[in-house]
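One chain comes next, on its own, written out as structure tokens in the form predicted alone.
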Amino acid sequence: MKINRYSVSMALCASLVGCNSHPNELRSTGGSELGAKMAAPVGEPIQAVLTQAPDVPPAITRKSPAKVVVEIEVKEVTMPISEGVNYTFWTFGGKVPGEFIRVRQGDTVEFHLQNHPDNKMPHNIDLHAVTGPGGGATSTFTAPGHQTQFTFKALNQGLYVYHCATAPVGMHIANGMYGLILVEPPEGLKPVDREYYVMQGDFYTVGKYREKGLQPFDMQKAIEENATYVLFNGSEGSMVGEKALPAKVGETIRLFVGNGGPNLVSSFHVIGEIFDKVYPEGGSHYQENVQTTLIPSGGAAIVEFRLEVPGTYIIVDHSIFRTFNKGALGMLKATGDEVTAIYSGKEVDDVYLGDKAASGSGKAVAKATAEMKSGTLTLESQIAAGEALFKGTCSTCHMETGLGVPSVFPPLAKSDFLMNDKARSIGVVLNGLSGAVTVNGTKFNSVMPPMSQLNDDEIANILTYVRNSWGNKGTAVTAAEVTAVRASSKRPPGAAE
């Protein structure tokens, strides 16, 4: 007997989902999950509210799907990546990360991508929230001065990365072309007191970490995955000091955390907090009581926690050298009454905050950098910058008083060993020191690791500060002097070049 395949498929459809007509009509039925997702937009089109990090658009309260119009302009912008260091970012909306997009599951999104006429490169966008080949990339290849448009249905709830996918794709992403789009479930997310947008990215510059001036992109470092910077929200210091995320004791916090990559996986952690809930990879199910969560390159996570005590909470990538030597450090500052039954301790810990602990430290470093560039660097500016850098690099062992630790670390205050030989002191910082030394008549036998990862101007400023503090009085150390010692001395194996 000849089998009618169409009849069989119709019977199967009817038995599974109760349809008694053509299978394509499933998309218009309201009684199925897919039917609900495919429901027609209700009302007039809505212009999407877009925000720059760390801000998040307001929660969606409407009960019906809508047509949402999203307009984003690509801009190639030169901005600071660190104090005294500039970089030409390629951006969605003028900053890194790109603007935060918030829609509802079932919304029809009309997406407009504009490429600013002053840009040099074509760009497009691939949204991981899109169901369809290329995620929108094939529909949005946009030359400078032009605009493209496409429409997609937000079928799946979750937190998704978007990024540029124009060749070479890695270079476009490495220059900062990524952001997040949240597709809320129809019932919305549970209300919290504060929501913030945090996105990590790794950057590859020709110059070393914190090397001053305009730094170009280094393709070879990117291919080798040897990041110069690993940053939150596009720049070192984007969430520290006056830019720290504000909160209050007793509040619930929700962080929408993305990882633009292009290469590195994030080990996301908030020092002093335990995540009550983590939605791994921005999905629908959560884990509870999580210390550190992995966020893949091109992935995201939602983390929620309640603040129990006041203080500064440090946001880090717990692949920890990235935090202290590549810039992946932010702050959340909670104000409120002490709760000594839960925690009793000092409010700021310089070991974690480094040179970000001191108020105005960034301004002091920036001022010295600008003066050095213009040839007007003063002793006072070097001392101020050196003090800020000393607190983040040297104060743990030598103490902020310069007195060191008795029988362990020698004093810098009124130190004959330090002050008698400027070149030797530069060499000690660059190359480290081990073995017995005599300082002010007392023997010390400890180890100082090489600090040659510091730039020449940073070492010069630190030593200038040390040579003019705690009773010391000496001439300034110049970056040229550090350069000369660096060039003439052979550093130990493993020391940075």
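Just so you know, these numbers come straight off a predicted model, no measurement behind them. A residue's number is simply how far along the shown sequence it sits, counting from 1.
Separately, the form predicted in complex with ligand HEC exists; it is not shown, and the next lines address it.
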Would Val439 count as touching ligand HEC in the predicted complex under a 4.5 Å heavy atom rule? yes
Report yes if any heavy atom of Cys394 sits within 4.5 Å of a heavy atom of ligand HEC in the predicted complex; otherwise report no. yes
### Message
Given that ligand HEC is not shown alongside this chain, does Gly471 nevertheless sit within 4.5 Å of it in the predicted complex, heavy atom to heavy atom?
### Response
no
Although the partner isn't part of this model, could you tell me whether Met451 comes within 4.5 Å of ligand HEC in the predicted complex, counting any heavy atom of the residue? yes
Query raised in the report: in the predicted complex, does each residue in the set Val103, Thr131 and Gly135 place a non-hydrogen atom within 4.5 angstroms of ligand HEC?
Result: no
With the partner omitted here, the residue among Leu433, Leu50, Ala66, Met38 that in the predicted complex has a heavy atom within 4.5 Å of ligand HEC is Leu433
Ligand HEC in the predicted complex has a heavy atom of only one listed residue within 4.5 Å, and of Gly330, Gly234, Gly261, Pro410 that residue is Pro410
In contact with ligand HEC in the predicted complex (heavy atoms, 4.5 Å), from 66-74, 53-61, 425-433, 38-46, is stretch 425-433
